Structure formats: C-alpha cells, structure tokens
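Only one chain is included here, represented as structure tokens and corresponding to the form predicted alone.
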Amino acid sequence: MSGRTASLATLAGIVLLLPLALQNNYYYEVAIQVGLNAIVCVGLNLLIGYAGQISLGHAGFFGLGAYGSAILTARYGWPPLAALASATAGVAVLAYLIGRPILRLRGHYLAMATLGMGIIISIVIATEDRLTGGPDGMPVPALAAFGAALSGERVWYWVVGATLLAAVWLALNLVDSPHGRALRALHGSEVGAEVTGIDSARHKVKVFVISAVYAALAGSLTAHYAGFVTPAKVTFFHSIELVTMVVFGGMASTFGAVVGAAVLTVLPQALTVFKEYEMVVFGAVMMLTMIFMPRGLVPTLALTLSGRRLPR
C-alpha cells in the first residue's frame, strides 16, 4: 500500500470512527464545520501550496456558492441539488473569467487583485437587498436527495464526511498527475517551468478554477446545512482564516490542509475556558507553532518522525 493510499485510508477511518467520540449535536456541529472548512482548504492548498499563487479573496467564491444555492432554491424554486450544481458551475465560469487577467500578476500584485475581487463580491452580496436579503441574510431550503430532505447533524456529518473524502482523493490524484507536477514546477520557478515547455498561464487558471469550485461546493453545502446564509462568511477576514489554516497545517500538503482546518476550527472552541484571554492564547499558539514548525504542522511532524532534520 502506497503512502498516499494509507493516508487516505487513515482519514477515512477517522471519519468512520469519530462519531463514537461525539457526545451530542454540538460536537457533530463542530465536526461538520471542520469538514466544510477542510474542503475549502484542500482546494486552496492546490492554488497556494502547490502552484504558489496567493489568493486573499476565496471567501468570495465560498459566498457565491452559498448565495447561488440560496437564490436559486428560495427565489426561483429550483431543486436543491440542481441549484448546488448550477451554483458551483457558475462559480467555475466566473473564476475562469477572473483568473485569466489577474493570474498574469505575481507576488503582492496578485494578492491585491484577489483581495479586491473578494471585497467586490462581499459588497455586492451585502448591498443587493432584493436578491440576497442584504446584511440580514436569507433563508435556504433544506437539501433534498431522492425525494427526502437531509436534516439533523448526524445525517449531515456523513454527507460532509463523504464529500471531504472525495475532495481529498481528487486533490491527491491531481497532485500526482502531470498537471500536478507542472504546478510544482511553477512554484519552484515560473520562468524555468516555461523554458521546459509548461504553459504557465493555462495551468494557473486551471488550478484557480478548481480551487474556486472546492470553495463554492463547501459554500453551497454550508447554506443548505445551516438553513440560512449571511454575508458574514464572505468577508476579507474569512479569506484570511482560510489562508491561515492552509499555512498552519502545511503548504503543499493535502492532509496538512485538513489538519490545519481541523485544529484552527476546534481550537477557538477549546479556548473558551480562558474567557477574555481566549484570543491572546490563540495567537500565542499560532506564533509558537510557526516559530518551531515553520513548514507547517504536518510536514514538520512527518520529517521529525522520519528522523530527518528540517532544512534551514
């Protein structure tokens, strides 16, 4: 069994066995939120970790997926599954149209462009009251499959868990494909990659669209699970949270993205015992992790367990 297969089997085992430790609906709710954040982070890690392209506006794609499903089902009476698929496809088209011009930029110019994109999406969602409900948000009908509505934390746990496993499996296959090797070459040196015949523009746009699809899918699932959607998840701060999860877990590590999402989703819940010092402790934990584990949590632990030293 390859290392990739073993890691995927381990993740599947965790998803299957975790309900044994979940005592009530609150724990299921946290686990579902971990899964939804992890789906976004797995896609974002393909863009940031493997391709080396920064995005500070991915919460915009998350919000478009959520509001796309909400509007199509609540305003126009679409079946939820059709709305979810259409919203995700629409975000993919939009990401392609946006990605072609802005991915010509590099470094902080690219960061600023994606930041502007996210802010524009956030403003549009918050101000289009008639369509989106504005700052107050809007209700979202329950997700239905085969004539039955999906309800309850336990049912949604399995839906999100299965989606996460599929997302990780697809990401691992992409990373091991020729496209994945091209992305790693771009990350190392874009000029060098182009000299060897790699079409950098095409590969960057492709991975940008894939990462946007991951975010939109998670957004649509979040909207149907919560039954209500607001602009709070479309803000710049949510984009920063997603990037932080990827960096914390370990860039260029698919399972690092999952672990980063899990730790930074659960940690604030665990730190509530510190009351007004909660954010101070949270910040200290992140600082110490980055100081002593500069490559991120999972890559550093993997190197430590293998007995190798971290490169300086």
Partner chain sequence: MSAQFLQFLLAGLTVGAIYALVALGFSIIYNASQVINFAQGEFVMIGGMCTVWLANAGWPLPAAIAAAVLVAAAVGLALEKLAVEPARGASVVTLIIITIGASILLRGLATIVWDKNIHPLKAFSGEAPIQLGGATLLPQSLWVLGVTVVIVLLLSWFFGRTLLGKALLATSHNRLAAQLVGINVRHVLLASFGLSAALGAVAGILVAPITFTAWDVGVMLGLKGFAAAILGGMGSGPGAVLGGLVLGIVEAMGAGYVSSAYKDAIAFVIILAVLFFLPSGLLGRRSSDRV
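Rigid core (definition): largest C-alpha set, two forms, superposition within 1.5 Å. All figures in this text were calculated on a predicted structure; none of them were measured in a lab. Positions refer to the first chain, counted from 1.
Only in words, not in the display: the form predicted together with the partner chain, which the text now covers.
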- Item | in the predicted complex, segment of 87-95, 233-241, 141-149, 72-80 with a heavy atom within 4.5 Å of the partner chain | 233-241
- Item | Heavy atom of A9 within 4.5 Å of the partner chain in the predicted complex | no
- Query: Going by a heavy atom distance of 4.5 Å, is L17 a contact of the partner chain in the predicted complex?
  - Reply: no
- Heavy atom of T163 within 4.5 Å of the partner chain in the predicted complex: no
- I54: touches the partner chain in the predicted complex, heavy atom cutoff 4.5 angstroms: yes
- If we check the partner chain in the predicted complex, which of the residues in 286-305 reach within 4.5 angstroms of it by a non-hydrogen atom? M286, M287, M290, I291, P294
- Task: Spell out whether the Cα of V266 moves at least 2 Å between the shown form and the other one when the two forms are superposed on their rigid core.
- Result: no
